[in-house]
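Included below are structure tokens for two forms of one protein chain, each presented in isolation as structure 1 and structure 2.
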Structure 1
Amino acid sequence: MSKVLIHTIAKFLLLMLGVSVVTFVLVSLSPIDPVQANVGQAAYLNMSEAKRAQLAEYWGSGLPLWERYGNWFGDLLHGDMGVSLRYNAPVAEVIATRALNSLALMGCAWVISGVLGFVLGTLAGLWQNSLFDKLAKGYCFVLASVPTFWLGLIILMVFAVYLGWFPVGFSVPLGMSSADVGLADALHHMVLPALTLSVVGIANIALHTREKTVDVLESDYIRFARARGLSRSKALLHHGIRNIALPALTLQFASIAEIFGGSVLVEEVFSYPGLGQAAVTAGLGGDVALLAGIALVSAALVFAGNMCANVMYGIIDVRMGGDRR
């Protein structure tokens, strides 16, 4: 156990190091000039050379890549993630504020997509080759090929613009501070982004669960249960549901990376103030400190999800082996 723990920690540290290096390299290769991007082209052209040099020093754009990374990494070892020049606040503070919105959005979408995908896949496998099965597979194939931002725009136009049931964007009502917003208002603003993010995530879970349900229904222990007089649905519920649920759960944990990637597009479409929108703002403005901090947090979330999936696979091997003896 100690060797596994040390190996896991080593992989995590190497991942964090690799993500930070890649982030700094990509920002340095970007054609975006952080000074010009944040002061505006007109203002930048009218500036004196001395003012441009002062702003370049403030943004650190004039320093070599290795020096910028060394300064940032040294501060990180002391618990300082730097200052976001776009938001004029410490990176840790910006991430903490935005992370609450993103985690709430991704958590709701993660649960909804998992539950609906599992139910849809189980029923499709139980009623294999039926009209419901064909409709479910068609629904999943269409959703798997639909771009997230396009689906978000359609949902936004239908439910927010035409029907007016939900707000067009943001996480709080206009003119109200986040501290004064109640739970009902926060959930009302989160419905459409969470719906968009969860609808896209249903397809993989449903298709995987359907195939697993078909395999379980054709297994020997289900046939034995059927021979004792149980119906297909009761035999599946009493003897096969765990063997279907656990693989779906591990796949759901492994899908955290896809949900986080989809949240970036969803937050942009709905102007939802989360980590995804902050990452886009940091990238377009050359805010390398904020971008590196968000990259580290997102990589940590993905690593945690994959680690949970690996743990679940170990549990599945033991329990499924016990069912087949």
Structure 2
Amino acid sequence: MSKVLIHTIAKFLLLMLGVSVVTFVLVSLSPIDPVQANVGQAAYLNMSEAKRAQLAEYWGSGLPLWERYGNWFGDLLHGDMGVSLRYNAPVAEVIATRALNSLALMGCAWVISGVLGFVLGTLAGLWQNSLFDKLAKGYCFVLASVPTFWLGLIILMVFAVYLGWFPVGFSVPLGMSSADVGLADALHHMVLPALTLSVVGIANIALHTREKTVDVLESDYIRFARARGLSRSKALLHHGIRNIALPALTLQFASIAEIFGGSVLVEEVFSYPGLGQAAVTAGLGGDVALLAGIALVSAALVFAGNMCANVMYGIIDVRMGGDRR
């Protein structure tokens, strides 16, 4: 077990090292000069030469790439991710507050899409070729082609603009101090973005679960259970669900990258102050430190998801118990 653990940690560190190099090289390649992008054109022109040099040194634009990477990475190891220009606060702080919003949103969407997708897929597989199955399949195929941000726009238009049931954006009511914001307010603002993310996320998991259910229903052990007099649904419930749940869980954990990508778009549409919106703001505003920080955090999240999938495999699938020696 400890061998597996060390192997996993080594893999994680190597991957994060790779991600940090790729991210840093990419943000450093940019022709967008962080000094100019943040001070503004007019202020930059009026600035004294000494001030410019001071800022350039602050951004390290004089040093070669590898040296800058070394400095940045060294600070990163001490937990210092730099200072965000856009939000005028340490990157770690910005990410921490925003990650809370994002994780709440993604967590909701992840659970809802997973559970609904699984139920939908299982029922569609159980009633293969029925009207329900056809509708479910059609829904999934169409949803797989719908751009997340467009669906968000439509949902925003219908529920927030026309029906006025939900606020148009942000995670709390405008003009309210953060101390007064109750849980209900926060939830109320999260409904539409979470709905959009869930609706899109269902398609993939439902289609895979359906295929798997059809396979399982044709298997020998279900036939044996049926021969003993169990109904199709009972046989599936008692003998099939574990086998169907396993790949579904793996898939759902592996889909964290997609949910994160979706949340970037959804947060932008709903002006929801999460990591995704911060990444877009950072990218558009030349906030190098924040952009790199968010890329690292998202990669860590994706890795954690994949690792959870592996651990779950060991717990649910009794055949994999051999690893625990």
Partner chain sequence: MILHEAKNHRLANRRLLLVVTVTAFVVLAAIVIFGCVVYDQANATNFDQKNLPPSLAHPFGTDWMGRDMLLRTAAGLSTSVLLGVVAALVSAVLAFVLGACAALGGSRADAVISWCIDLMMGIPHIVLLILISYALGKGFWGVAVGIALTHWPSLTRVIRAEILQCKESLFVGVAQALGQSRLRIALTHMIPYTLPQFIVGLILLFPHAILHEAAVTFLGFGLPPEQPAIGVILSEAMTYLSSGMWWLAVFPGLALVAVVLLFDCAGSSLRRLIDPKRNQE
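For numbering, take structure 1's sequence and count from 1. What we label the rigid core is the largest C-alpha set whose atoms superpose within 1.5 Å from one form to the other. On a predicted model such as this, the values are computed, not experimentally measured, just so you know.
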item: Selected structure - the one that is the form predicted in complex with its partner chain; value: 2
item: Residue shift check between the two structures, rigid core fit, Leu301 Cα at least 2 Å; value: no
item: Leu26: Cα shift of 2 Å or greater between the two structures (core-aligned); value: yes
item: Per-residue C-alpha deviation between the two structures [Leu13; rigid core superposition; Å]; value: 2.4
